[in-house]
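As structure tokens, one chain now follows by itself in the form predicted alone.
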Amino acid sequence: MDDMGWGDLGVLGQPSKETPNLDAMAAEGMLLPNFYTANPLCSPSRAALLTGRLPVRNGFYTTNAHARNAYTPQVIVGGISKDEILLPEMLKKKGYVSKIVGKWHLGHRPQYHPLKHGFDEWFGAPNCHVGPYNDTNEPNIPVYNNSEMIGRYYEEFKIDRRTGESNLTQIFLQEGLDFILRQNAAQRPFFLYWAPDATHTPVYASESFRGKSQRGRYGDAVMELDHSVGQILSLLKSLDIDNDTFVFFTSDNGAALVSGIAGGSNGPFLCGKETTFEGGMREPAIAWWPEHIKAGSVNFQLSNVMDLFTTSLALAGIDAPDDRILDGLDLTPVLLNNSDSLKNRAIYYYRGNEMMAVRLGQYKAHYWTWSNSWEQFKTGINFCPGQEVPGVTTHEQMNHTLQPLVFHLGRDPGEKYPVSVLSREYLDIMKELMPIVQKHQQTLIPAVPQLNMCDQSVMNWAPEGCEKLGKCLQPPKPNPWKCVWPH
């Protein structure tokens, strides 16, 4: 999902009862309350999911400024590197057919498209559904069916900014259902990456879901996405392939608290999207595989979106690439045997090119803290509304590397009360953490950053297929610049 928070699911405490299907999925599968993304922003998170590698390793970061979040707006020149191996490329080894439905966000120029990186089918858009634009300074985002555009958001694919109505989620749902039906009929193994973006601003829902929730447009969008997940699981059951199909539900980053009532909930956790506090990186996560994953189980294993790369390969019987460092671990012992064999793994919280924090067990050590700059904050951009913690949610980049801020997340999930640096508890956890962090930093070889350069001429002016629709636009002359990432 997109910008959906840990606290948006009923099974994780949301009282508005918008997720009966996801709650049932958890009751039939395994809930993972300690599941994390690899970055508190969309594009790097998705790159990490499909490569099993931290964004700083796969190139989805910037070096234009220290500890800045970067992504793939229309002006971005870069995208996913040809040197990276994506999950669908690996699954081809066992004859899997792969489809992405919805938001790609790993580069909109042709060489970065999903069909160039292992996917066999694509229905969706290279960027998020922001807009509408006027075609003079910026074109509307194209929607693709495989390698050719079939229209643009706000034009052929309507989104009503005034009412919040759009049937995009229903379109994406039908694309996913049709794909499953076709692959089942052909008896081919398949991988469906279903990535709708209705919970990203501007939030939308179809007519039959508008006004049905207690949380306004955002809640309506959650209800429709929940219903869609229920439809997908019901189809797997009706085709009698549920016992042969592994399904995993999660989100790309924490809820965007900066969006106010148009954003979701991160439950008891601090701040939201864009930050490396818990609210920005702890994600809702449910694993479902009837007769293989014990129904109604809960496992507190520290786990990460990158683990889905390695775990999917293990379930498919495919060896992981051995020519590169993978950050994702194989979770099959956890999912299938409820094992605690991975209990000593660490979780790294990155923001751009900087390791901001590390979690080991119940403890989280902040080596840097920053929410956003004073300049941004004074314009009304607030990633931690109503949650300011003095000395923690700082508006200047604070370096704590000589004496990290440590929190016990079991006692203090909101990261409000640092463990005293004078206590034996602090000394013990830092003694355990220091060699782990040192090894990680010494063996880290950053990739060439893909998110440094911008150019208005590379926008979606004339996507493949635009000629057939009469939708080609004239791009401006190239004029590259170093992208500015304010936070």
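Don't overthink the numbering: it's just position in the shown sequence, from 1. Computed from a predicted model, the values in this text were never measured in an experiment.
The same protein also has a form predicted in complex with a further copy of the same chain, omitted here; what follows describes it.
**Student:** Can you work out whether P33 and a further copy of the same chain are in contact in the predicted complex, taking contact to mean some heavy atom pair no more than 4.5 Å apart?
**Tutor:** Residue-level check for P33: yes, a contact with a further copy of the same chain.
**Student:** Report whether the minimum heavy atom distance between L402 and a further copy of the same chain in the predicted complex is within 4.5 Å.
**Tutor:** No, no contact at 4.5 Å.
**Student:** Would G391 show up as a contact with a further copy of the same chain in the predicted complex if we use heavy atoms at 4.5 Å?
**Tutor:** Contact check for G391: no, nothing within 4.5 Å of a further copy of the same chain in the predicted complex.
**Student:** Contact with a further copy of the same chain in the predicted complex for H108, defined as at least one heavy atom pair within 4.5 Å: yes or no?
**Tutor:** No, H108 sits far enough from a further copy of the same chain in the predicted complex that none of its heavy atoms falls within 4.5 Å.
**Student:** Within 4.5 Å of a further copy of the same chain in the predicted complex - does that hold for a heavy atom of every one of S16, Q214 and G267?
**Tutor:** Every listed residue reaches a further copy of the same chain in the predicted complex, so yes.
**Student:** For the chain shown here without its partner, which stretch in 150-158, 298-306, 200-208, 135-143 has non-hydrogen atoms within 4.5 angstroms of a further copy of the same chain in the predicted complex?
**Tutor:** Within 4.5 Å of the partner lies stretch 298-306.
**Student:** Identify which of Q170, N184, Q387, N372 has a heavy atom within 4.5 Å of a further copy of the same chain in the predicted complex; exactly one of them does.
**Tutor:** In short, Q387.
**Student:** Identify, from the list Q362, N344, Q376, Q174, the residue with a heavy atom within 4.5 Å of a further copy of the same chain in the predicted complex.
**Tutor:** By the 4.5 Å heavy-atom cutoff, the listed residue in contact is Q362.
**Student:** Which residues within 272-291 place at least one heavy atom within 4.5 Å of a further copy of the same chain in the predicted complex?
**Tutor:** Contacting residue: only R282.
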